[in-house]
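In structure tokens, the next block holds one chain alone, the form predicted alone.
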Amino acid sequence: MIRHLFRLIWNKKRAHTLLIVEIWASFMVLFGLSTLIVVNVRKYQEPLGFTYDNVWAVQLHNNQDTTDVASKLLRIIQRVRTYPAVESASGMGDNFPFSAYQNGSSITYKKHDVQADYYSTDDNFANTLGIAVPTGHWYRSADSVGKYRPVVINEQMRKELFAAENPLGKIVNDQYKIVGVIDNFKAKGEFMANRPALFELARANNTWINTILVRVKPGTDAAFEATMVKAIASQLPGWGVEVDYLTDSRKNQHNLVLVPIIIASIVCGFLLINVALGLFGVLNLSITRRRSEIGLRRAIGATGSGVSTQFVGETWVLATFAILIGLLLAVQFPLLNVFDLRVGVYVTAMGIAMLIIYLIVTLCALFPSRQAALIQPATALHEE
């Protein structure tokens, strides 16, 4: 039966060329969209590594003021920590969590380089963002006494730079001494890849620590925000003060990832509808043209379910031809390591695309095949 169906479709391949091309195109689009979704779902399932509820980012812009900037920033951070509504406050640069900025640096250990995200923060950073330090400790001001600057790395950095070696106390870049290791740190949100990261204790004279991360007590309202901003503005005349809630910044980062996926899904949906309508029309036309054949088969004993199964089988064979062509192209992605993704991501995407294609062609074939099964042999042969 299966061999007969393949031979039947192969003999009519010219008549079905356009339909095969449409199904193949749908498979490739579904494969690309599925890959995008699988990658982001896997990223989303990885822990973020910090908490962001009740955390505000207070950005300070010195504008034309260049006098004693570092001391002014330090005094403001200390002042913010004195408010009763503030649980913790920490200073860092523009690359705070969920911001649009990113700093990178090459970290070297025994001539092995790893490209890592770089953050310059203070000793309150882990406490402000609720970061656990399972290995070693978060750096303190006392750790800066000595030849090397104290740094903390994340687990991904430990894997790529040290493998099974204990990183604590190791010197990297001939200037940093590792004092602690944290788990994940996905600063741009759940859809970010878990990249290597390094945190350095900021120097006291650093002028670009212009963002204060403030963890406030639950229930703190906008009235305190206005009071705090007014107090900062009075101490820093001429400076710009801007407050972002990390919860809102997180939504913006998510939108940057989700909007392209939604647009691609809509385009893919229209393409699948077009293929479904084409397949539905072809099957209806095929039944009309083959009424005599169907009537003859019913007259010699074929059952209605047998006729229906034949049409569904022909549709599956048609989809199989298109999917095989698509698979020949799709397997090139893992073989050539395109986009540096895991093989499992591509295999999962291929499986999802195949499943959706077979589901659509089956749904499109059900109604026409049901019509074919209802044809009575006497009526069909009489019309012939």
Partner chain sequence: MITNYIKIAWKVLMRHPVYTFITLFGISLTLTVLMVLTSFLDHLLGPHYPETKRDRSLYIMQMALRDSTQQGQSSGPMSFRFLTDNVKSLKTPERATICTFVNSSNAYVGSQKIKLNTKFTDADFWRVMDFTFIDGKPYTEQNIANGDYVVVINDDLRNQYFGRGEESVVGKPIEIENVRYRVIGVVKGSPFTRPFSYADVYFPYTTPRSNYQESGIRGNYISIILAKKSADIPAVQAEFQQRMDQIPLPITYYGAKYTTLELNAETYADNFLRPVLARDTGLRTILFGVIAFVLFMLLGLPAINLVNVNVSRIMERASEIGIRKAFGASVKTLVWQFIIENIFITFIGGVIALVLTGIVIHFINQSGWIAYADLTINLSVFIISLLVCLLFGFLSGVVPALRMSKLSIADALKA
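Numbering follows the first chain given and starts at 1. Because the structure is a prediction, the values reported are computed rather than measured.
The same protein also exists as the form predicted in complex with the partner chain; that form is not shown, yet it is the one meant from here on.
- Contact annotation: the partner chain lies within 4.5 Å of heavy atoms from the stretch 269-277 in the predicted complex, the single such stretch among 76-84, 118-126, 195-203, 269-277.
- Contact between I261 and the partner chain in the predicted complex is not found at the 4.5 Å heavy atom cutoff.
- Under a 4.5 angstroms non-hydrogen atom cutoff, the partner chain in the predicted complex has G240 among its neighbouring residues.
- For the chain shown alone, D221 is a contact residue for the partner chain in the predicted complex, at least one non-hydrogen atom being within 4.5 angstroms.
- Taking the partner from the other structure, the partner chain in the predicted complex has no heavy atom within 4.5 Å of any heavy atom of L327.
- The listed set T67, Q332, Q64, Q45 contains one residue whose heavy atoms approach the partner chain in the predicted complex to within 4.5 Å, identified as Q64.
- The contact residue chosen from V145, A163, I300, A226 relative to the partner chain in the predicted complex is A226, the criterion being a non-hydrogen atom within 4.5 angstroms.
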